[in-house]
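First, one chain by itself in structure tokens, the form predicted alone.
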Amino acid sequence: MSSYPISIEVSGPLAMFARPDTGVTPTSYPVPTWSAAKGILESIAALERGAAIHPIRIEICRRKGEAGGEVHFQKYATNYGGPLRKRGQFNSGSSFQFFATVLADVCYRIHAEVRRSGSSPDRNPPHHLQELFNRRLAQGRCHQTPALGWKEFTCSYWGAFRESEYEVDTALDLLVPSMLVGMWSNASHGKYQPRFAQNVSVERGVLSFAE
């Protein structure tokens, strides 16, 4: 079977991959979830049918010459004015302060495969999607602005690997006792079915997603 790999490097000053158990004051996982990685890739290119993107590995990177081995968190507060406000706040036009614990100064290299998914009139949808993704990445084009979790945390960089500036943080080892994998049963057109993985490990800066 042919393989259709794709990859991207993304970085930014803030990121949020929210843990569902942290409720109204959300805290980020120390690394992106499978679904977050998929969302970043699909912000560049996606097909309605015939092919879907499957993240397989994330490399957590550091700037060359800097000490590694740590993930940095920071407090974040914003004035929320969205549709989830209480009715009184919504009617009066007022907002409320929203607190979170987010990741700071992140850089990731995301590796994925494009796989066939369902039927399509195209002869080879995975190849089509791979070519579309790579062409847009080279041209600096995207379907929507890539974000690091929350939409307001847009990437300061997204594109090809910057081998001369960043490297995999091989000093980083982590164990996440429980981690959300995704909210749907399939990579495309799935049913609502949250899935979690236990004892997820980051070894020498690499997080590999189990199949």
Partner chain sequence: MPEFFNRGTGLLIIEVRCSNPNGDPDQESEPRTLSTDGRGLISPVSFKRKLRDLVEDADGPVARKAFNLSAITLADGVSYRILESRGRDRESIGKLNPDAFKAAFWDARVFGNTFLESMKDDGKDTKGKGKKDSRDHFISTGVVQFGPGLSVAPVEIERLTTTNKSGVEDGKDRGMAPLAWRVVQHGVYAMPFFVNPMAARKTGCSPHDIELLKFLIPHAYRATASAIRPFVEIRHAWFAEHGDPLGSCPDYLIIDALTPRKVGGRADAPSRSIEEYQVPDALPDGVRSRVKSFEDLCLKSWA
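Basically, rigid core = biggest C-alpha set you can superpose within 1.5 Å across the two forms. Everything numeric here is computed off the predicted structure, so don't read it as measured data. Residue numbers count along the first chain shown, from 1.
Just so you know, the form predicted together with the partner chain exists too; it's not on screen, but the next bit is about it.
Not one of 118, 178 and 183 is positioned with any heavy atom within 4.5 Å of the partner chain in the model of the complex.
Although the partner is absent here, residue 152 lies within 4.5 Å of the partner chain in the model of the complex, judged by heavy atoms. Proximity of residue 143 to the partner chain in the model of the complex: non-hydrogen atoms within 4.5 Å are present.
Taking the partner from elsewhere, residue 87 is found to have a heavy atom lying within 4.5 Å of the partner chain in the model of the complex. Taking non-hydrogen atoms only, residue 197 never approaches the partner chain to within 4.5 angstroms in the model of the complex. The partner is not drawn, yet in the model of the complex one stretch among 54-62, 167-175, 30-38, 143-151 has residues with heavy atoms inside 4.5 Å of the partner chain: 143-151. With contact defined as any non-hydrogen atom lying within 4.5 angstroms of the partner chain in the model of the complex, the contacting residues in 54-78 are 72, 73, 74, 75, 76, 77, 78, given in sequence order. Once both forms are fitted on their rigid core, the CA atom of residue 93 lies 2 Å or more apart between this form and the one not shown.
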